[in-house]
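First comes one chain, alone, set out as structure tokens in the form predicted alone.
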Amino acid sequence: MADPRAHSPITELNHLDELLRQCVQCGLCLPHCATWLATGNEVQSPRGRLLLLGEMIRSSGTETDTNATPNAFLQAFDECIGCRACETACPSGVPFSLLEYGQLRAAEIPPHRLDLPVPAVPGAVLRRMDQPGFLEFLSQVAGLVRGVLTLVAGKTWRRRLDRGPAGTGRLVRLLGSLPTSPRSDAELVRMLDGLCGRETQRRNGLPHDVALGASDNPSAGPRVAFFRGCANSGLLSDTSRRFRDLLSASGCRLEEPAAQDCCGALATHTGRPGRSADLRRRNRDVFAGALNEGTVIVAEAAGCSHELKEYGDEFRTGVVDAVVLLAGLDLPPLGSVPLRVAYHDPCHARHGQGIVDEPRMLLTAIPGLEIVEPIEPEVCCGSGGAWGLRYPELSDELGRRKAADLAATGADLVVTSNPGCLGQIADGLRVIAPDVPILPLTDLLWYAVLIRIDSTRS
């Protein structure tokens, strides 16, 4: 939604009041709202937040004075994750832009005026988390510490350290929730071979990295400009490499424009609109040529593809989420993966872009695989990008709730398509069901292609 302060105050407030009248207070949005499910507090529901917004508008015939706005109003909107599940569930079509308006007003408030918990990370660290180099450093440190903890405390280290001395809980959660995926192809193959009950001895000589091979008809696929994204390139670089390998094997003509930067979502979520605008300008300039030539821009992370589509009309039509692109490609033949797999829908995909069927189509295409659906697939996992670092305790509760729902399906494996969700659910599973791993969906597809290649060689 455009900044309401850029328009006539009276006109804008009247417009907001008209939109509010669309809400019939039916409450059908409540069971889809993660913060309401966790707290049971009406103020932490879409209906409660809209009631507060209506009270604010009715109490002022002119532009609202943020300094005079009650903290309860500001707190309620600051604690909204922004998952948009309420918009998807609403039978009256109430737009999420109403809640975005409230979030905008809350973002104007100095943090000392809000009763906020202590952030999980210092602001100086949070502001650097859209830099791939810094994220890669964090990933290496966290991987080393997790490895030591696994050696000392076993694979249940997260559960055993959950109730540690005061001050250690948040540090342990940060270690557990930093997104990670197998750093080598051999590690990924061993993991999935083990889950499938396959003999791994035949792959003892598997090199660190494996190429799937080029398509038999490389000119038949679309031209694709690859958007790296800060989280995927900094934390999941091997998954990104495997995804590019999968695209090449599917006939895509890949290019990777230089000088591209973070999509800007994290800067927006951490109250840095100036940096977000700068990042958008850089990326527009970098990808303008590709869009003019009819090349599609693909983003691995659902959060990135959603943010890029907000750049403008040419990006809205020229950007495609990785899952959607893969679902429309002629993929290489897939080998059998006899597993029960649960898919977690990222909110930026399901609610932000309407991506629901495509990931399930991809999973259905894998021979031998059984899809198991969790209850409440539309409910947020509680990551929310920077939101989870701002409200760590509530985020932790939501992550465990989601992990329990996914584990209850009896899945052998969970997959998703957004790095924030990947880390959040991985941490919850380490506590709730440490034997159930989670992977990026593209890693599972890459493995299925490799299995088919192996079967034709043997």
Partner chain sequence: MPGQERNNPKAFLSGLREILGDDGLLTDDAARFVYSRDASHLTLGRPLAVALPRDESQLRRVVGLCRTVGVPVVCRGTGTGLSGGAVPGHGALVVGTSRLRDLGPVDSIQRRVRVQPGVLNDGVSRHASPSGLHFAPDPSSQSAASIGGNIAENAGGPHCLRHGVTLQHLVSLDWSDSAGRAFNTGRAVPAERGLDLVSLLCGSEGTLGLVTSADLKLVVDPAEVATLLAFFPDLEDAAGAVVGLLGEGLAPVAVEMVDQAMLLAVEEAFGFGFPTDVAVAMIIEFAGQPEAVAEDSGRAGGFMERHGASEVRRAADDSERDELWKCRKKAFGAVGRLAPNYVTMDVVVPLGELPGLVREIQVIKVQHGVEIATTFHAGDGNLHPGVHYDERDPDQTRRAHAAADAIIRAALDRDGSVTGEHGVGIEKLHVLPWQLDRETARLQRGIKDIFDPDKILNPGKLHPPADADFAALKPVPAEIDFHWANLTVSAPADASLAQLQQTALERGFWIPVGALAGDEGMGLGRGTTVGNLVAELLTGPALCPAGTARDFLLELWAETGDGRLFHAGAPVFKNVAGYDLVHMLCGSGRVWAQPRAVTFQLRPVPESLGYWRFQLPSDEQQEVTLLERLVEYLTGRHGSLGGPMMIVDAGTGSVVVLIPGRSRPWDLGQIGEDLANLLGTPAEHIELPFNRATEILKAELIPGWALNSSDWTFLCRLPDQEPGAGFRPAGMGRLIWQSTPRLIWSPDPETSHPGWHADRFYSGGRVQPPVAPAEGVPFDFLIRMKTLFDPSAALETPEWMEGRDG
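Keep in mind the model is a prediction, meaning the values are calculated, not measured. Residue numbers count along the first chain shown, from 1.
Beyond what is shown, the protein has a form predicted in complex with its partner chain; the following relates to that form.
This chain is drawn without its partner chain; in the model of the complex, the residue among 367, 93, 312, 333 with a heavy atom within 4.5 Å of it is 93. Note on the partner interface in the model of the complex: the residue among 404, 37, 431, 57 having a heavy atom within 4.5 angstroms of its partner chain is 37. Contact annotation for residue 101: none of its heavy atoms lies within 4.5 Å of its partner chain in the model of the complex.
Within 4.5 Å of any heavy atom of its partner chain in the model of the complex lies no heavy atom of residue 15. Heavy atoms of residue 42 reach within 4.5 Å of its partner chain in the model of the complex, making it an interface residue. Among heavy atoms of residue 89, some come within 4.5 Å of its partner chain in the model of the complex.
At a distance of at most 4.5 angstroms from its partner chain in the model of the complex, all three residues 21, 27 and 30 contribute at least one non-hydrogen atom.
Shown here without its partner chain, the chain has only 375 in 355 to 392 lying with a heavy atom within 4.5 Å of that partner in the model of the complex.
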